[in-house]
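First, one chain by itself in structure tokens, the form predicted alone.
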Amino acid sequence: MNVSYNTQRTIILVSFLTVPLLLLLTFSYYPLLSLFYYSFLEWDGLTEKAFVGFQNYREIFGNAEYFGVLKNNAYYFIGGLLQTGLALYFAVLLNSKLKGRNGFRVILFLPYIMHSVAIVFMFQALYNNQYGTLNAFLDLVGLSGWKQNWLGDPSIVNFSLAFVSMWKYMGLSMVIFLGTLQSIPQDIYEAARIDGASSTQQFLHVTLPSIRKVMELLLLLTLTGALEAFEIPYIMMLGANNTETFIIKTVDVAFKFQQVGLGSALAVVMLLIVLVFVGLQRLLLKGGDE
């Protein structure tokens, strides 16, 4: 059988694309469509489903409690901004000819590859009000007045949790910055030095413009990560003591209270919130795209 070149090319392309497309449709788009479908149902996950239209959405937008928990997500966003700034600082520092820089890179990246459960156990021991390492250290250095109930005081518990998240992910941001810094041609810095540019001027006029796209990416990840904060506050506090985030609220509604339809509607609302914030961020940063 004679098959033309274009037909052979089409068969090969379809053969290679079929499996990944099927996987994508099965594990990404089908669950997404199911989520939208469930959001219009009253369903406990086991018994008969009942179509209720937009009732779940009316309940969400009519009850301020659902959106009130978003204030806890703000702690993770602020922590994420600090984390990005620290990551850039360490990346610039460790991109220089600092002695032992490879060891410092490993130390700073290590928290990212640690399992979240192990990190939670470690920080529970650190923050413990009675035998915690942090309060013991403050006693040791004569700062007993700074001792706090780090996980029991509602006014500081979210700061404590946001710090754990910042500590875990700072190494990843640093490695991304470091890879970008190492891709900047050194002759640009050489030309700047010949023109008499100081280290600060080189950072402001060479380094920052060169890593702008990566900074935008990390800000995007910071924003979405803050809105989707879940594992560390949930494992450590189970949402208690005013630490509930929007995702924890969604999971509790869907699985603890067996309101799968309402939980699905909350997940759809979260998806829309993320899309709106990402769109706003892209709009605000659009000015630099030339």
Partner chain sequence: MREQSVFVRTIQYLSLFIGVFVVLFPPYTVFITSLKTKQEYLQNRFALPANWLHWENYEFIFTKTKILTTAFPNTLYIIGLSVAGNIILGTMVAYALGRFDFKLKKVIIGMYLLASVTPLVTTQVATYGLMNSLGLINNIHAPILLYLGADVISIIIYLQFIRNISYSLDESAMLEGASLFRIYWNIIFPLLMPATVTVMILRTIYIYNDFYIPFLYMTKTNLQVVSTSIFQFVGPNAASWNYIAAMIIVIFIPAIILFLFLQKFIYAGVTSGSVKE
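Positions refer to the first chain, counted from 1. Keep in mind the model is a prediction, meaning the values are calculated, not measured.
Beyond the structure shown, there is the form predicted in complex with its partner chain, which is absent from this document and is the topic of what follows.
Residue contact with its partner chain in the predicted complex: Asn149 places no heavy atom within 4.5 Å of it. Its partner chain is not shown here, but in the predicted complex it comes within 4.5 Å of a heavy atom of Thr133. By the criterion of a heavy atom within 4.5 Å, Tyr76 is excluded from the residues contacting its partner chain in the predicted complex. Contact annotation for Asn63: none of its heavy atoms lies within 4.5 Å of its partner chain in the predicted complex. In summary, among the residues Leu108, Leu161, Leu88, Ile211, the only one with a non-hydrogen atom within 4.5 Å of its partner chain in the predicted complex is Leu108. Scanning 112-150 for heavy atoms within 4.5 Å of its partner chain in the predicted complex gives Tyr112, Ile113, Met114, His115, Ser116, Val117, Ala118, Ile119, Phe121, Met122, Phe123, Gln124, Ala125, Leu126, Asn128, Gln130, Tyr131, Gly132, Thr133, Ala136, Phe137, Leu140 in sequence order.
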